[in-house]
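There is one chain below, alone, in structure tokens, taken in the form predicted on its own.
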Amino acid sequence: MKVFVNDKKVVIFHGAKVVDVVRAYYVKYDKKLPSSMPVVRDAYGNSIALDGELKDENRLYIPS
């Protein structure tokens, strides 16, 4: 499935959790993994749990 993190596309397996796509984002875009996971927000600014479920075309935002 396709999910967007900070408006950049990440293709991830179906059933992936928020934490999975955030990790994939850091790897795909060659960014350093932080020592602790950042707060993840949805397109409306709500924080979401790292074990939250994803749907195709979700938009997530993390601090850069």
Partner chain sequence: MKQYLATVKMMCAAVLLVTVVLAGCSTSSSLDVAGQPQAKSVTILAVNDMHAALDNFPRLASMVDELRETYPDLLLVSAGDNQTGNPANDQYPEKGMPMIELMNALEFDLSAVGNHEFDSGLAGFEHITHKANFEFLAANIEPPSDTDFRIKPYTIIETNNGLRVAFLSLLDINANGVPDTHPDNVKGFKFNDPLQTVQQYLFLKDKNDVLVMVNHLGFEEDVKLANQLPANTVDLIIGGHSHTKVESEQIHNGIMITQAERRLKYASLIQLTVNPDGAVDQQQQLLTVAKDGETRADIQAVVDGYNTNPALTETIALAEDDFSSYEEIGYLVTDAIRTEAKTDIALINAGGVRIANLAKGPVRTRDVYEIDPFGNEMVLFNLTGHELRDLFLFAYAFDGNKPIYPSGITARYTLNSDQNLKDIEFFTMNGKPLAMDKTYSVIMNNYMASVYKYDHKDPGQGLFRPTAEAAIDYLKALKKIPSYRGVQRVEM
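Residue numbers count along the first chain shown, from 1. Since the model is a prediction, treat every value here as computed from it, not as a measurement.
Just so you know, the form predicted in complex with the partner chain exists too; it's not on screen, but the next bit is about it.
At the 4.5 Å threshold, heavy atoms of residue 39 stay clear of the partner chain in the model of the complex, well away from it. Interface membership of residue 9, defined by any non-hydrogen atom within 4.5 Å of the partner chain in the model of the complex, is ruled out. Residues are counted as partner-facing when one of their heavy atoms sits within 4.5 Å of the partner chain in the model of the complex; in 12-36 these are 12, 13, 14, 15, 17, 20, 23, 24, 27, 28, 30, 33, in sequence order.
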